[in-house]
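Before any questions on how it binds or moves, here is one chain, the form predicted alone, in structure tokens.
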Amino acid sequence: MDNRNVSLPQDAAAVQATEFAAPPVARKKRINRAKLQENIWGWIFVSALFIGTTVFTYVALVLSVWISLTNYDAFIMTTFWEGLGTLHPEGAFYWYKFMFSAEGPFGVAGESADFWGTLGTTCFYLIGIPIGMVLSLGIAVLMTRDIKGSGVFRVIYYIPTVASTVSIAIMWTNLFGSNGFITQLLGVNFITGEGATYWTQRWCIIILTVWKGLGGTVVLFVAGLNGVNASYHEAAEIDGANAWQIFWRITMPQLYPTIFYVLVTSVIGGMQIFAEPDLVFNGYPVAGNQATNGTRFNTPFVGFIYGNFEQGEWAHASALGIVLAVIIFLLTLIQFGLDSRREKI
């Protein structure tokens, strides 16, 4: 008899028994106490940042959007929550219509003149961004050369970046004030005095912001220049390219990510300028419907928001803040859109 014929049914039974056998019970993984303790301490350390970002960014944003739809007045409400329950009696989007409406015969219909005037002042201050970028790039190029004492100059240029804004503003008023050194040297009153206009005041602030932000931008450009591939420069020199051609066609394309980062962050920060003009001008004039033609020419948009906030018009100020956030978002979106189109070319 063939033994293989006898063993076949036994093998089939064994296979069938294996198929219907109960799956093995998965053992519970033992908790790694060291790993758990490490995770707990990690969450403890990031909890302050997480809670702060949640409360002061996301929750505050939601509250600002809601308050902008109400008629919240801090001088009338007895508690913070009192005015949050109802929308504005003249419509939820009253303040958004108000800021884009022209001023009426009695000065209460709208504030479009103040809105566009202060926004135009903020945009004018943005002129300092390309000026600062060009100066920073030139200084960074010089610092990457083999010049003795370049490290000392990096520290000197970076000092204004870490200096207090208040101390810089005090120094600026002493330099550009009616009896300041620069005023007497040039014979021009920049801030106050005879001949001082909102144009001289604007340029005074632009010079301040360029000087203050120069050091941080120089450091970024120096880091970007140090990351440029030197072999491309050597190949271009062998091909007979001059220094300008090497810089414009080889260095600048590789430095573009740094330039783009500086541009985006500078525009975001420039649209929120507030402290420097406030300290140099020793406070803003009254904002809102009571603003005159002269005030809107040297008051930035954030100063306009702050003026309404000081008057207790929190709903009005919140609506202006939301509009400013949308403007900054759109400007950033446009910059990223242009950047993506450049990459496709």
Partner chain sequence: MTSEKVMQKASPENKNGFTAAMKNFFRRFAAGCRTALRVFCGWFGFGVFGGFSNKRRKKVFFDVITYTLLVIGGITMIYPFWWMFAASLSADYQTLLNVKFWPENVSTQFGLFYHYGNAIDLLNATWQTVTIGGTAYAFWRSVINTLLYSLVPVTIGVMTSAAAAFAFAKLDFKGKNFVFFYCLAAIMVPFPSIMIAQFCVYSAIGWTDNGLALIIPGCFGAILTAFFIRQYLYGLPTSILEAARIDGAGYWRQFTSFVIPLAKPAIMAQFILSFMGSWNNYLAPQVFITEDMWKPLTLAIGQLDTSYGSDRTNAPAVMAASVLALLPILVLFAIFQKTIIGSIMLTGSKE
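In this text the structure is predicted, and so the values were computed from the model without any measurement. Residue numbers count along the first chain shown, from 1.
Although not depicted, the form predicted in complex with its partner chain is the subject of the following passage.
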Of 247, 203, 94, 153, the one that lies within 4.5 Å of its partner chain in the predicted complex (heavy atoms)
153
Single option in 211, 116, 124, 198 placed near its partner chain in the predicted complex, where near means a heavy atom within 4.5 Å:
211
Can you work out whether its partner chain is within 4.5 angstroms of a heavy atom in all three of 131, 190 and 238 in the predicted complex?
no
Any of the heavy atoms of residue 120 lying within 4.5 Å of its partner chain in the predicted complex?
no
Examine residue 332 and determine whether its closest non-hydrogen atom to its partner chain in the predicted complex is within 4.5 angstroms.
yes
Heavy atoms within 4.5 Å of its partner chain in the predicted complex: does residue 194 have any?
no
Flag residue 298 as yes or no: does it have a non-hydrogen atom within 4.5 angstroms of any non-hydrogen atom of its partner chain in the predicted complex?
no
Judged by heavy atom distances of 4.5 Å or less, which residues of 113 to 152 approach its partner chain in the predicted complex?
139, 142, 143, 145, 146, 147, 148
